[in-house]
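What follows is one chain in structure tokens, specifically the form predicted alone.
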């Protein structure tokens, strides 16, 4: 059975009561699989009041208590991964192995925060004057409002919740209405792990209405958002006008540079499945493939052979390696990128069309010879497309890779230490992986620069945005 969808406010799972309900669809069939209740204004007020009440005690909780809750969440996530993953596939569309893997891997995020929250330290500064004590304290910032996306609904939500709870904050989270089951499941995990009521609240509704109301509330002191650049800028502007701290993890358009001296076949073998993971609906997905002239033909041929072997279909079938686009509206939006490329003289090497008569399926697509000002080269397509571009010199590839306002992730393949150093120093991105994919681990910071946002989730930086710094000086 699909997850019973609800709000989660002050430790209670809430549904019905005449609230507006939204249909939740299976993107593989476009059939309605659930009804999601929207929060009323009274519900939002109740969530805010609950979070504030809980904060007054949770802020003083022992790091050991916070760690215990987070560890238990990790244990429960592993135990329930099969059911959570199955429901995630039903409403988001990704293959079942990817969905279950998302839940299992995210148990590490809960464990990492369980360990790191025990290491939130201040410091003592030696005084200039005898008899003076100087202390630097790190204190929780307060009630947080968080907004998480549909492409990795479990992953993105647990990062925000674990950081807030581990820091001693409380949090109100609005998850993705299109793929809500994993977030409701997360509420059940924290509830069953013994998190005090009010520390976590889950609400749903019309996105801009909920975000505006929560951010404007004087109760909320911290905002975390993962999503598009356009929406992120609007929320950051609103939060900034109210002097509220933000973490913004926004869109990307990741370049990958493949040099002549790379292990070309290995690079293609690694990049093809990584590119089409979650149907390319990944903010760090490589999209602009800059391949040096000497390696271009060999790389493209090998890449195409791997793409042609990708089996597309409902994520519930373990044999399928790519599922549908998450929403029906995205099929037409994505097709617009391909139409623009075709009209500009690009060559469609693979895909470029919808698949089947039902569901939101689009073929894995490879495009070559795009002008630099085409939509595929300038706008984030957020879908199953790889654009192939030749380059002559590494310096030229770096310049072209940096030409967009995005700066989230970037990749490179080379066996030259000189090229690796040049690329890692030269690329304008918050995260750079060379010769492998080493991002998004619990112990490493995740975040971008430029229009891709600011602040990091994960790693030792994970609590920075959830803590304030207080300097205390005392003359005895």
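Note that the coordinates shown come from a computational prediction; the quantities given were computed from them, not determined experimentally. Residue numbers count along the first chain shown, from 1.
What comes next is about the form predicted in complex with a small molecule, which does not appear here.
S.K.: Of 347, 328, 134, 228, which residue is found within 4.5 angstroms of the small molecule in the predicted complex when only non-hydrogen atoms are counted?
M.R.: None of the others qualify; the residue that does is 228.
S.K.: Looking at 180, 255, 384, 252, which is the one with a non-hydrogen atom within 4.5 Å of the small molecule in the predicted complex?
M.R.: Of the candidates 180, 255, 384, 252, 252 is the one lying within 4.5 Å of the small molecule in the predicted complex.
S.K.: With the partner left out here, check for me: in the predicted complex, does some heavy atom of residue 380 sit within 4.5 Å of the small molecule?
M.R.: Output for residue 380 is yes: heavy atoms within 4.5 Å of the small molecule.
S.K.: Taking the small molecule as it sits in the predicted complex, is residue 336 in contact with it (heavy atom to heavy atom, 4.5 Å or less)?
M.R.: No, no contact at 4.5 Å.
S.K.: Contact between residue 148 and the small molecule in the predicted complex at 4.5 Å, heavy atoms?
M.R.: It does: once the small molecule is placed as it appears in the predicted complex, residue 148 has a heavy atom within 4.5 Å of it.
S.K.: For residue 156, is any heavy atom within 4.5 Å of the small molecule in the predicted complex, or not?
M.R.: Residue 156: contacts the small molecule in the predicted complex.
S.K.: Does each of 207, 211 and 283 have at least one heavy atom within 4.5 Å of the small molecule in the predicted complex?
M.R.: The answer is yes: all three residues contact the partner (heavy atom, 4.5 Å cut-off).
S.K.: Which one, 219 to 227, 266 to 274, 236 to 244, 295 to 303, holds residues whose non-hydrogen atoms are within 4.5 Å of the small molecule in the predicted complex?
M.R.: Heavy-atom contact with the partner occurs in 219 to 227.
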